[in-house]
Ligand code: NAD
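Consider the single chain below, provided in structure tokens and representing the form predicted alone.
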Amino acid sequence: MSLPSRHALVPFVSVENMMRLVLHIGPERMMVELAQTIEDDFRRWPEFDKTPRVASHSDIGVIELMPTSDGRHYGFKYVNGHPANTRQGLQTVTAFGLLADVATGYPILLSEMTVLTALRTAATSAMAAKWLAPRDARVMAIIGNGAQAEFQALAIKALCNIDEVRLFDIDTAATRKCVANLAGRGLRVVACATAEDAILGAQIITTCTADKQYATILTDNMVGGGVHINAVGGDCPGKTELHRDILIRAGIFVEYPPQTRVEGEIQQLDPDHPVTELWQVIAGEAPGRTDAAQVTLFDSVGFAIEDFSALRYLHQALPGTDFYQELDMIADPDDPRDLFGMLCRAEASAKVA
């Protein structure tokens, strides 16, 4: 079964329909399925066009385009990052995305991606933890309890079987929100007074703070051996969360080095500091965790292939459902060489009416 094939109509997934779809599938199941789709695409990484995101930075935020293609489909995401937005009651991150058919250039899907990005970011973190975290990990800590926190907790619960999440945020209201949202979802949830308390006993540590600044959320003496860190918040130039000394002693895994060296935690390191691309681990071309005492770090900045995977998953999930609308956004004259004639016929029809 496929979506409508009329060239003039493009399936569009609104925020409302995205939420309906997520609730229909179930958040955890959807993130598991997204992680599998992302993993499948990471296995065929060499097939994709790859470029760092195109970013327009300002003093208060960033607007970015994230494009890629596998030769059959082309996808891009528009996304912003404005940490001060929350003071105005606005989202820090908003996004939408498009998937197109390479053979014709015609769009085949337009979708909101604010909710979808939260799902795919958490799915990617959980996928990385599945490959890199200690096998017996049962406790995770989340430092930064904003919009991404619940997704991270539930994705890693679903893929890595954690049963306890420990939370800390300098904004105690954010932690209270996260505790309430995770209630009854199969996790023991512990609100902590400090970051040090939160990481106590955790084998998986996720940092996902929003402030656009060089920050030290984790100092070197806070991080013992045998843990995995998902560093999610450091995702643009001038924004980091980890002390440099943690990076020096960690095994570092990244998405796309030319982008991560500019935007990720490793912007603190020399440009030739060795890192491993996560796709190589998944494809069996490089080792992941090498011993139980190792500190592994997934320096996650978000890459276009993950958004492509999310759009591809969404496109496959829609047929047979009513979780989309059809948009008339592509001019489709009877004679493709007579675009002006389409205007003339519309003019004539308007006069008759």
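So that there is no doubt, residue numbering starts at 1 and follows the sequence shown. Predicted model only: the values in this text are computed from it and were never measured.
This next part talks about the form predicted together with the named molecule, which is not shown.
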Any of the heavy atoms of V227 lying within 4.5 Å of the named molecule in the predicted bound form?
no
Can you check whether S300 is within 4.5 Å of the named molecule in the predicted bound form, heavy atom basis?
yes
I'd like to know whether T219 contacts the named molecule in the predicted bound form, with contact meaning heavy atoms within 4.5 angstroms.
no
Within a 4.5 Å heavy atom cut-off, is T86 in contact with the named molecule in the predicted bound form?
yes
Answer with one of Q267, T92, Q203, T276: the residue that has a non-hydrogen atom within 4.5 Å of the named molecule in the predicted bound form.
T92
Considering non-hydrogen atoms and a 4.5 Å limit, which listed residue (I143, I246, M127, V254) is close to the named molecule in the predicted bound form?
I143
Among the candidate stretches 246-254, 179-187, 119-127, 159-167, which one is within 4.5 Å of the named molecule in the predicted bound form when only heavy atoms are counted?
119-127
Within 4.5 Å of the named molecule in the predicted bound form: residues from 223-244 (heavy atom criterion):
V232, G233, D235, K239
